[in-house]
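Before any questions on how it binds or moves, here is one chain, the form predicted on its own, in structure tokens.
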């Protein structure tokens, strides 16, 4: 494929020399734009990111950014590439389940560090270097299994969707342990008052059950582990069916 068929932002991320643009020599690198945009997003969410604010953070004019990115969607590509960075190195001594668990936890941690990632619309599959490296790492987790390449891709995407879904669900929840416990206590009291056994028997039954120590004060981690293991149980069943 002709290198110029790639969007300019991907040419820069891959280090491919595309057609040069007229004008002065670039004053900064695309990674500088990424760092400035990520700083703004980490502080104020995705809504705090604009071409003008990123340019101001760098000390340049808005028009100067257009030598690097053609539109805000390109800016998002750059931000994702640098926010995720390289994927984790998976321990080859682990089995497929241990490897994909490590991959999922690293993915979850990246989303926790930069929750604004969840606000970026997914408009097309990834093509940037680090994003493809994450995909390759997720596929490598299933080495040694009888899954076909397409099955491995589907399994990796299933785990990806689960991680994004749980991160989306808990993105705005409190994270300080004391705040979590107090919020949980208050919610339980109110739910107990409203969810009467005659009208909501299923909910009432969960309230009557003793709280598992693994859930107390760490609902996010406990729920994540339960859901991930359930997803992996399904993949395990698929692998077992395909094992000669």
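Keep in mind that this is a model prediction, so the values were computed, not measured. Positions refer to the first chain, counted from 1. Each form is matched to the other, and the largest set of C-alpha atoms that superpose within 1.5 Å is called the rigid core.
Omitted from view is the form predicted together with a further copy of the same chain, to which the following refers.
Proximity to a further copy of the same chain in the predicted bound form, defined as a heavy atom within 4.5 Å, singles out one entry of 73, 105, 151, 95, which is 151. Site annotation in the predicted bound form: the residue of 63, 56, 203, 48 reaching within 4.5 Å of a further copy of the same chain with a heavy atom is 203. None of the heavy atoms of residue 109 is located within 4.5 Å of a further copy of the same chain in the predicted bound form. Taking the partner from the other structure, a further copy of the same chain in the predicted bound form has a heavy atom within 4.5 Å of a heavy atom of residue 189. In the predicted bound form, a further copy of the same chain stays beyond 4.5 Å of every heavy atom belonging to residue 84. At a distance threshold of 4.5 angstroms between non-hydrogen atoms, residue 101 is out of contact with a further copy of the same chain in the predicted bound form.
Taking a 4.5 Å heavy atom cutoff to a further copy of the same chain in the predicted bound form, none of the residues in 96-114 make contact.
Core-superposed comparison between this form and the one not shown: CA of residue 200 displaced by 2 Å or more.
The two forms, fitted on the rigid core, differ between this form and the one not shown by 2 Å or more at the CA of residue 186.
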